[in-house]
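Have a look below at one chain only, the form predicted alone, in structure tokens format.
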Amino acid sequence: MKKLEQIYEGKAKRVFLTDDPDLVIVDYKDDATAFNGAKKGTIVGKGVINNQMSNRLMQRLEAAGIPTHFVQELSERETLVKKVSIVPLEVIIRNISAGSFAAHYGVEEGIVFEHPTIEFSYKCDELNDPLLNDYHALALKLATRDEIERIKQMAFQVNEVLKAFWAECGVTLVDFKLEFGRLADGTIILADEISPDTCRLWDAKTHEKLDKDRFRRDLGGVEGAYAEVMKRLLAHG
């Protein structure tokens, strides 16, 4: 597979064309950002962990019948994936109150929900990714009604698979962000990544944070937390 020119660079990844028009290469960086890019830094080794963790979790989801963009891990930091057009909706599933949910609604962190919640935000850095509902998404033509329903169904299915797996690892899946993409034929599949950058992961016993909140909140031990999560995943993978 020949790696051609770069077509995208985001906060955490670069994307390159290949000699197959349906496939691209994703290269994971160690750059870290928070608060929509207002805080910047580096988490040494993050790219390697996020790449390999995401690939293993995507394969687990594929085995559970959830279509993803994963094709093949090429190296520590690079993965071959299906080329998609990203649906400009960030999909957040929450099992426990934390982060912006706790702040917006004036509740403490750590409240376990009777049922998981789902929320959408408009994937637009210039507008700070505002929250929106189904009707807003339809009005803005971000997705069709069928696509929105499919995305919801898949997101809750992802939650069930990942929640059960992380529990085996002694980790509580608090909340996480997903992104979905359209293949050339319009099929919706899971894209982007699943990592400590995009998930809140707490130690099941101590509730110690094992994710990017350590970077966001200047808690220290960021690299150690990422490494610990990866170690547990490999032990149960």
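Bear in mind the structure is a predicted one, so any value in this text is a computation, not a measurement. Just count from 1 along the sequence shown to find any residue number.
Omitted from view is the form predicted in complex with a small molecule, to which the following refers.
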Legend entry - Close approach of residue 198 to the small molecule in the predicted bound form, 4.5 Å, heavy atom: yes
Inset, instruction - With heavy atoms only and a cut-off of 4.5 Å, decide whether residue 177 touches the small molecule in the predicted bound form. - result: yes
Inset, instruction - Give a yes/no on whether residue 14 approaches the small molecule to within 4.5 Å in the predicted bound form, heavy atoms considered. - result: no
Legend entry - Distance check, residue 161 to the small molecule in the predicted bound form, heavy atom within 4.5 Å: no
Inset, instruction - Would you mind picking the one in 85, 100, 75, 133 that has a heavy atom within 4.5 Å of the small molecule in the predicted bound form? - result: 100
Inset, instruction - Tell me whether 20, 80 and 182, taken together, all sit within 4.5 Å of the small molecule in the predicted bound form, counting heavy atoms only. - result: no
Legend entry - One stretch from 163 to 171, 150 to 158, 136 to 144, 89 to 97 that, in the predicted bound form, holds residues within 4.5 Å of the small molecule by heavy atom: 89 to 97
